[in-house]
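Next up: just one chain, as structure tokens, the form predicted alone.
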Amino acid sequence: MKMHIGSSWVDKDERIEVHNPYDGSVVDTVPRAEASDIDHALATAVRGAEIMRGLTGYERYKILHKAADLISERAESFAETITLEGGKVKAEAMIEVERAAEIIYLSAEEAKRLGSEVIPLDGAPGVTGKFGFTIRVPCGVVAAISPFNFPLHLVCHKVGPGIAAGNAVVLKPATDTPLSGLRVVEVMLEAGCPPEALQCLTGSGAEIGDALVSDPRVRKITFTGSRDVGEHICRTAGLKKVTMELGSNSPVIIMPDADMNKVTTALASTGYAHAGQVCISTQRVYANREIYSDFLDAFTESVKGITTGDPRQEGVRMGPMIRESDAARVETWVQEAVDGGARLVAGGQRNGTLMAPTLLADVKPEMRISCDEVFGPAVGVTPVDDIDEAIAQANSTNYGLSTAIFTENLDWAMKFALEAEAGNIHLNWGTQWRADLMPYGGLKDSGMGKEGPKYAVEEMTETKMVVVHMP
């Protein structure tokens, strides 16, 4: 595929291969962008921002609604692209496409809702004869940097609100999975988006990222990725608005009164979907000692029942990791934990990019498999004595994206909701759950700002205060 810069599709002599992570075959190639391409894209985006500013909310709504229709109509084809470039199993790929279309539909509705607010200035002491109101305006040029693990879904969470808010968007999709993002650009243009308003640069973030985020023509940055890269972007960007959706090592607490069938069903899904390569995957489990052994027995059977293999095949529930180096890292962390005294009760083996669904018991909080972000199909379980210890252990991390508890006790549930240090809190489900209309974001090192079209549009607009001084 080609990248979209200026107002056209552009090729380059130097190209990057996009590989199928399961068998290493070449799915396609994309151009490798360079510095001159960034300047061209941003210069065009500045013009595109002016064009977008002139469109009515209803005109932006029609563009986005049509784009969502096109994604829905081409769902099978989009899902195939996700599976080929990202290794996601077919069922999960189809869900991603359905959610991506919904994000664009939601963004279309938000395009019609950019309103103003009357400010009661006479509520201030001594103020009379003043009338105040706000105006929300687009930021201008938005740099959108998306990760490999949801190559369609997370692109739509950035492009949809960016266009809805009246901005121009410069998209930088993940180097490993750029094809889905390029296809989003295709349908947006087909739906009537001005070509100047949507640029897509393909290439290594290490090579072009700094030049893109530091450029003064960019007013807003929305990034999803690792904590370290997010911090680097914030340091490099300068005085810009930023939304950072970063890493996590999401904890789940299991209390003695938990419904064990619900627990094992939820954790098998939330711990191992997309081979654990989800920022809100369940990673740390704190099980009360009263039910610790029973939980491990039940959950071990669930984990062992997860079939792995070619994600294109029916019946396969977990495919490969995106790169063999990532699978090897997870394997190393698992072995380190075992060497340190943890018990391997399921999995632990690796075959190329395929890392077996892995479950570790008696994990110590200081082990890397617990305190860092594993971002792979490995879950560690630690025993705890009571709710206070469980919450303290769950909070003992620099991350704070998603956390969960299983209990039927209202007091425990509310104590957890109030004291848990995370942006997303789940009662009686695992940590990996998200409705695309909700405010989604993290605390602490897991980021800043919120996604979800309504909230992302707020992040991608700026407020002007107008005061009328009446005689």
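Being a predicted model, the structure only gives us computed values, none of them experimental. Quick note: we count residues from 1 along the sequence shown, nothing fancier.
Same protein, other form: the form predicted together with a small molecule, not shown, and the subject of what follows.
The closest heavy atom approach of Lys172 to the small molecule in the predicted complex falls within 4.5 Å. Looking at Arg323, you'd find a heavy atom of it within 4.5 angstroms of the small molecule in the predicted complex. Taking non-hydrogen atoms only, Tyr440 approaches the small molecule to within 4.5 angstroms in the predicted complex. By the criterion of a heavy atom within 4.5 Å, Val316 is excluded from the residues contacting the small molecule in the predicted complex. Residue in contact with the small molecule in the predicted complex (any heavy atom within 4.5 Å), chosen from Cys279, Ile104, Ala164, Ile369: Cys279. With the partner omitted here, the residue from Thr224, Ser302, Asn288, Thr270 that has a non-hydrogen atom within 4.5 angstroms of the small molecule in the predicted complex is Thr224. Comparing 88-96, 206-214, 257-265, 126-134 against the small molecule in the predicted complex, the single stretch with non-hydrogen atoms within 4.5 angstroms of it is 206-214.
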